[in-house]
Ligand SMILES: Cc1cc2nc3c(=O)[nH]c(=O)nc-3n(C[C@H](O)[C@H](O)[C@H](O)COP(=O)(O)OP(=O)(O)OC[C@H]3O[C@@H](n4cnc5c(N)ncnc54)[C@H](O)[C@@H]3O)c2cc1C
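Okay, so here's just one chain, in structure tokens, the form predicted alone.
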Amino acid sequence: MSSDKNGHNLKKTADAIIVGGGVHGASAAYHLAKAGVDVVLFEKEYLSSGGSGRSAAGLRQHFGTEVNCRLAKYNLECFPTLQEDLGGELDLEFTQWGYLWVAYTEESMTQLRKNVALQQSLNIPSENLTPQEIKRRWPYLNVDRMIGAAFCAKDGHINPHTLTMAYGRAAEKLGARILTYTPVEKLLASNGRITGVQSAGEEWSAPRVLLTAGPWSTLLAATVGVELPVTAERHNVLVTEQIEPFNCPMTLCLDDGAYFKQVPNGSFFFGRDDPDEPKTMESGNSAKFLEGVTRSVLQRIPALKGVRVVHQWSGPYDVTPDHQAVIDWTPVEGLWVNCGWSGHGLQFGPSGGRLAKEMFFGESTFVDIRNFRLSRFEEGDLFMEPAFI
């Protein structure tokens, strides 16, 4: 029999096993434990050590597909009270300084207008802004050549580490077993049905297994013959020194994929979609990224000229061909997955956990998630998310 970090014996059975300690895994553990499910979560390092903790952690309702808008709206309804709901021990740093998508081409502005129209039809308080309105609200932004933008004041920021860890701690208090630094080597199945997982050479039994391991989900699913169209892309983030906060919204350019935002401690995060970054789960940095992203960002917020960059990190996106998640039961009975969020998954932690609980109990999901089914790739029925970076 195995022992936990405190030397207590652990039974190697559960009602459900979760593989992956990012925000979706931790949220699922919390929601399942709250519903009385005996759940064990395996994480190969520490909670939030993968893509969740390396996220720029923007919160937005700006999407171009109805299902993402509905889920995002639910998330933003949860975040204002989530710190208290999860016990109040960790500061989630939830702020609502807004999310601004800017456009420099008519094609991009047309897409933003379509997105806003969809959002407004779902009672999401988004709006279209002209360059003059942008300059009036945020005089430090450079609006030269800018055609317009989409903005939602209810959007903002959260700390990805404390968010994930708060879900994990709350789950443990409800009886969940969170096993960090305990990598899963493979999934176990018999006669087309999941039976558990293998970790450190030991077999753990459960009739249900949930994969929330980001791009690592693909390798694990393959151990029981399930093919996931989820691949890794490395993305970088730059962090500046702390300066006086001035409530700068998350600002993102649909045309070149560059973004920046200020976090509550005063630092700025810079990022940029770079197609030349390697398709890998391994971390790493490049001078090319540093030069490219700083040039892009300073063109839009020249007030940051001279502010020092103090840190750079990278992490993997888990990407699908249509930049949409896979949330579905697999052909192996009892195995279900939640991965492939293509860079916008952190903010869906609240809805992801709720969906995991509803799927476990065979309930109707609170939002129709048929579009996220795994079979859509074989069917050729992809649904592209136009608002992704």
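Note that the structure is predicted; figures quoted are calculated from it, not measured. Heads up: residue numbers just count along the shown sequence, starting at 1.
Below: the form predicted in complex with the named molecule, not depicted.
Three-residue candidate spot Lys44, Pro215 and Gly315; every residue lies within 4.5 angstroms of the named molecule in the predicted complex by at least one non-hydrogen atom. Residues placing heavy atoms within 4.5 Å of the named molecule in the predicted complex fall in a single listed stretch, namely 54 to 62, out of 324 to 332, 54 to 62, 30 to 38, 350 to 358. Out of the listed residues Val237, Met146, Leu82, Leu76, Val237 is the one that sits within 4.5 Å of the named molecule in the predicted complex by at least one heavy atom.
Listed residues Pro207, Gly292, Pro183, Pro245 were compared with the named molecule in the predicted complex; Pro183 is the one with a heavy atom within 4.5 Å. Residue contact check for Ser342: one or more of its heavy atoms lie within 4.5 Å of the named molecule in the predicted complex. Among residues of the shown chain, Val319 is not one whose heavy atoms approach the named molecule to within 4.5 Å in the predicted complex. Residue contact with the named molecule in the predicted complex: Leu220 places a heavy atom within 4.5 Å of it. The named molecule in the predicted complex is not approached by Ile17, whose heavy atoms all lie more than 4.5 angstroms from it. Although the named molecule is not shown here, in the predicted complex the stretch 12 to 28 places heavy atoms of Val19, Gly20, Gly21, Gly22, Val23, His24, Gly25 within 4.5 Å of it, in sequence order.
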